[in-house]
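Before any questions on how it binds or moves, here is one chain, the form predicted on its own, in structure tokens.
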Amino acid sequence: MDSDTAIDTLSARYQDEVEKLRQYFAAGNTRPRQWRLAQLDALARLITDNESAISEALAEDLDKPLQEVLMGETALILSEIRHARRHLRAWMRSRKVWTPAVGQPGSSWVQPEPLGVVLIIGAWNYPVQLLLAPLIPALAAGNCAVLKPSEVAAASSALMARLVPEYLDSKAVTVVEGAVDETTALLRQRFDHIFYTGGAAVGRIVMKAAAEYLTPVTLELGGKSPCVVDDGADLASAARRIAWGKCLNAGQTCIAPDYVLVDKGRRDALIAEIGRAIETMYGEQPLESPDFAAIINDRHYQRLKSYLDAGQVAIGGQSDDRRRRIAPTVLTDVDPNAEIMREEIFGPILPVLDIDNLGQAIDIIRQGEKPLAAYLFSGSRDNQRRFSDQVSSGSLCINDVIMFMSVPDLPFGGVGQSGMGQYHGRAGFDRLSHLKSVMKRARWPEVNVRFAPYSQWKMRLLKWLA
């Protein structure tokens, strides 16, 4: 069977499955708050009952350390569930808005309502969290969902395909495994929202497919998240936090610091501090550390190895072909036009570039696409304010990296090429709801000013009311 025939066959099957979900949604099964709470509770049990299985799957896919499973996958999901549970009643409530004089007598409000059937396409770098975290607001908002885990993280995909039907309402949530053919066939279906996490190239494909039905999309993409260390930063603290953020999941994190811009007079001191931080965390032989993850597959491993020659190796540079590991590496003297400075690195390789001042750093950042995250280490409130005002990014963190993900009420999402749409907390609930505008008018008294026949005094009165 050729690929086109296979996609046609899959598409027909998925059409039936999506239609069943749509009928279940249309019957009103997912609207009650108790159903939503029950699904959130079931999702929490899925995580807590299967912590060992999840850890084993992530170890098989990424050799992910147990604590990183907790920090980057399970704990974040459970935190988001608790937050959604706590606030669901308030999120679902109608939100009254002001009605001007021209609309009186009457009242107006915004009423959240579920969208319908949502497609969620996960990513391989955090294959559990990036599949289930968008499902939390989807369920909280009262939607049905189709989950498509990444085939690149095969063990995690198989585990999610087994566990989700065991715990969640199988008439409302389904899992589709597979690769390009399956994803292509899914994207032929009519969904009420598509939520995609991954690279920009596939993001464009998703958006084109969504345009067929004018389906709204949330795209969580990525980009080159810059990290600036100014002349007043605490170098020891900055180095430790940068090293942790860059080495987390072996750098395979969409909001990892991608490159560092540092005052030229402090470059060598910063690099020395980064080296000490890496040795403290991973020992003298990081490739042997049980706390350091592997690269997901050989294609990405070979791509990252090719970057090791992009500059002078100041720290690291070692690799292990058998286990697909690359030691935490710092590069200097990198050509700003090299591929490593054009493409998202997505690995434990950190270019460090000299700058003369904060203004130059801001200019460098603004010459590229808007990043998913931006980081500044500075003790100056003026510099912090200037950076925040002048650098556009999905998220911004001052004097740390990545930690904004721990705040459920901070919306997460990209801007420009790094994505569109935000989720987490109420932002996710609103994103996966339709905020319907409602106005209710009283029948009396009837104000005749808007009705024909028109006159000069009616126009004067309308202008005054407006």
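Remember, predicted model here, so these are calculated numbers, not experimental data. The first residue of the shown sequence is 1; numbering continues from there.
Form predicted together with nicotinamide-adenine-dinucleotide (NAD): not shown, discussed below.
- Contact annotation for the candidate site: 226, 360 and 374 all lie away from nicotinamide-adenine-dinucleotide (NAD) in the model of the complex (no heavy atom within 4.5 Å).
- You can rule out all but one of 137-145, 195-203, 100-108, 327-335: in the model of the complex, only 195-203 has residues with a heavy atom within 4.5 Å of nicotinamide-adenine-dinucleotide (NAD).
- nicotinamide-adenine-dinucleotide (NAD) is not drawn, but in the model of the complex it has a heavy atom within 4.5 Å of residue 178.
- A residue is said to contact a partner when one of its heavy atoms sits within 4.5 Å of a partner heavy atom; residue 183 meets this definition for nicotinamide-adenine-dinucleotide (NAD) in the model of the complex.
- In the model of the complex, at least one heavy atom of residue 124 sits within 4.5 Å of nicotinamide-adenine-dinucleotide (NAD).
- Using a 4.5 angstroms threshold between heavy atoms, residue 231 stays clear of nicotinamide-adenine-dinucleotide (NAD) in the model of the complex.
- The single contact residue among 130, 295, 84, 163, judged by any heavy atom lying within 4.5 Å of nicotinamide-adenine-dinucleotide (NAD) in the model of the complex, is 130.
- Checking 263, 220, 80, 73 against nicotinamide-adenine-dinucleotide (NAD) in the model of the complex, a heavy atom within 4.5 Å turns up for just one residue: 220.
- In sequence order, 148, 149, 150, 151, 152 are the residues of 142-176 having a heavy atom within 4.5 Å of nicotinamide-adenine-dinucleotide (NAD) in the model of the complex; the partner itself is omitted from this view.
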